[in-house]
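Take a look at this single chain in C-alpha cells; it is the form predicted alone.
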Amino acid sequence: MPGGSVRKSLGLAAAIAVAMVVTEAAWAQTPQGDAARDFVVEKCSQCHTDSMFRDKRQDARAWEATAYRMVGRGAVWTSDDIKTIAAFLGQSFGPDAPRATH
C-alpha cells in the first residue's frame, strides 16, 4: 500500500530527527566541551548515536581498537584522527568517567 510506505518514511525521518537531538544533548554533557568533542561528533555521529559511547565504557586503548575496526568498515581516518577519537572517548566515556544524567 503506497500510503503505508509514506507513513513508514515519515516515521523513520521523525525517529532520526529525535535521535539527533538526543545525541547532541548527551554530547553536551561530556566532560570536555572542546574541539576534540566536536571532532568526535563529526566523525562518529554519522553512523552512531551517543548510546553506543555511553554503553561501551571503554578505556582509550579499547576505543582505539574500535576506531581501527571502523576504518576496516569504511571510515576514512588517519592515525592522528584515531588517537584524538580514542583519547576523547576514553576520557569522556571510559570506565571511570562520570555517567551523564538525562
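Take the two forms, superpose them, and find the largest set of C-alpha atoms that agree within 1.5 Å; that set is the rigid core. When you see a residue number, it is the position in the sequence shown, counting from 1. Quantities reported herein were computed from a predicted structural model and do not represent experimental measurements.
Just so you know, the form predicted in complex with a small molecule exists too; it's not on screen, but the next bit is about it.
Using a 4.5 angstroms limit between non-hydrogen atoms, residue 36 is distant from the small molecule in the model of the complex. The small molecule is not drawn, but in the model of the complex it has a heavy atom within 4.5 Å of residue 73. Contact check for residue 61: no non-hydrogen atom falls within 4.5 Å of the small molecule in the model of the complex. Although the partner is absent from this view, residue 57 stays clear of the small molecule in the model of the complex, with no non-hydrogen atom inside 4.5 angstroms. Core-superposed comparison between the shown form and the other one: CA of residue 53 displaced by 2 Å or more.
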